[in-house]
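Next up: a single chain in structure tokens, the form predicted on its own.
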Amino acid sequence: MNPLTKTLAAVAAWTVLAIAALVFGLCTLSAPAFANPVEDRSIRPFKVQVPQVALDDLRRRIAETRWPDRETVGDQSQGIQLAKIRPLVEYWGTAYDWRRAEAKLNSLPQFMTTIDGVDIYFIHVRSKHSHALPLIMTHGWPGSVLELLKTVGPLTDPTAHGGSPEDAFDLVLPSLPGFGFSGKPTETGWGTDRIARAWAELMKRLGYTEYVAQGGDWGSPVSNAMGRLAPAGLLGIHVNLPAVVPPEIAAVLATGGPVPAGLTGKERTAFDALSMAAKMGNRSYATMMGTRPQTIGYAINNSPAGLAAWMLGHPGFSGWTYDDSDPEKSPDEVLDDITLYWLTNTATSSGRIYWEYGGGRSPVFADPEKTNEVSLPVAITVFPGEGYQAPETWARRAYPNLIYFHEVDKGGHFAAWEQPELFSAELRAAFRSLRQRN
């Protein structure tokens, strides 16, 4: 093929992709990234522009929902209850406005860059304060970058939120591969270690020579991997779903055995919470996506109501009301997150990270996470509404360089979303000693 033919083929390929993006509700880049033998390392501005046809299609599908009969129990033991989800989905199909979420995203600096063959979407907000500490934060499932947006102000502009200029962060919020506006890997191997290396490359491209990392849910194993791999410039990590469960406790939990002898009060509380979660099937979603993500994908990719039920079945949402009685977590915020998955067609691709991780195993166990190999400084905040409250005794045993451990009085699995001011204050305190060292 001569050079002219190659160029025309590339242009034709980009045209097909652009048309497909418009049809399926994806978004536009400021400039196309042609496939080259040498990866395009440029950082390209990005803007969310969902075609109205995609939103009309969503409403049509919601209106055509075929609802199941109600559950035969009076609790959530069979899954999310019909009386709880149906009003939310019906509101989604009539009064919900995605454009507000779109405007919120577009008010922030958004970018795209290609790393290891996959387009990575990220938000990058630089603080107005000098000497701000660069921070990369990673979301999880069924969350997204949207769950972190309430922390942008407190972290980048601390003086407006009770902090000092010395507490400021430059903030980098990437979408995991296969999630949101990031590209979908077309090959296996995109586990947490590979994502950790991609994040290190991202921070390098942004020109940061020193930075810290934070994560909850999937962000925790990604941050653990970054701490273990210790890329140049990484000063330390903070996690709010720490991997501290010792191997002997993990073995008992795996078999459903009796409570081990010699546990402290907090260790016993953590053991009981993990044991009950296993018996109640609280991680059934992880088992399914960890073994057959493609199978469940056919259902949740096709039905908005099915996608909502699947995502809201996560234990992190179990205490949420999805109504106006809880202004911190309004129905619109919940639907922003679900709609992002729908419009980007990532219900299936996002689930594959569970498959990559090894059959949907929990990220709270110390041995599989190799926490003993994390030599960089580690900070942990324990939120009371998390699936389990990590005991400090286990944490100090798991992480050899634990520099900060704090239990707070409110907040849950989606801590940055639920308690953004408290969450931000925790990060300021957690990383303060690393600022002083550097």
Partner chain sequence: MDTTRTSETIDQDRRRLLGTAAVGIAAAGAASLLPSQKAAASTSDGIRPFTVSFPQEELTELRRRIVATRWPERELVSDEASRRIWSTPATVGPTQGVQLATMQKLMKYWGTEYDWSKCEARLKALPNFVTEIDGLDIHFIHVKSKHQGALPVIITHGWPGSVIELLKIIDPLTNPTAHGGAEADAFDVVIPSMPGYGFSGKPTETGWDPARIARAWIVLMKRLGYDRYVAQGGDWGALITEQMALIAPPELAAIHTNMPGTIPPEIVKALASGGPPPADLGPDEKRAYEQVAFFYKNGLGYANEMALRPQTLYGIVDSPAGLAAWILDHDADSCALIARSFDGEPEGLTRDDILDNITFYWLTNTAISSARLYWEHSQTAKAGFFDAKGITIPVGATANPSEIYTAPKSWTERAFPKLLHYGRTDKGCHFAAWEQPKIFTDEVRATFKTLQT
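Numbering follows the first chain given and starts at 1. Every value quoted in this text rests on a predicted model; they were computed, and no experiment measured them.
Although it is not shown, the form predicted together with its partner chain is what the next lines describe.
- Using a 4.5 angstroms heavy atom cutoff to its partner chain in the predicted bound form, none of M203, E210 and S375 count as contacting.
- Contact annotation: of the candidates L235, A305, V172, I249, the single residue with a non-hydrogen atom within 4.5 angstroms of its partner chain in the predicted bound form is A305.
- Interface residue among H161, K266, R292, R126, judged by heavy atoms within 4.5 Å of its partner chain in the predicted bound form: R292.
- For its partner chain in the predicted bound form, the listed stretch (151 to 159, 110 to 118, 75 to 83, 210 to 218) containing residues with heavy atoms inside 4.5 Å is 75 to 83.
- The shortest heavy atom separation between R228 and its partner chain in the predicted bound form exceeds 4.5 Å.
- Residue contact with its partner chain in the predicted bound form: P384 places no heavy atom within 4.5 Å of it.
- Using a 4.5 Å cutoff between non-hydrogen atoms, Y285 counts as a contact of its partner chain in the predicted bound form.
- Mapping the unseen interface onto this chain, S349 counts among the residues with a heavy atom inside 4.5 Å of its partner chain in the predicted bound form.
- Residues of 52 to 70 that come within 4.5 Å of its partner chain in the predicted bound form, judged by any heavy atom, are R60, R61, A63, E64, T65, R66, W67, P68, D69, R70 in sequence order.
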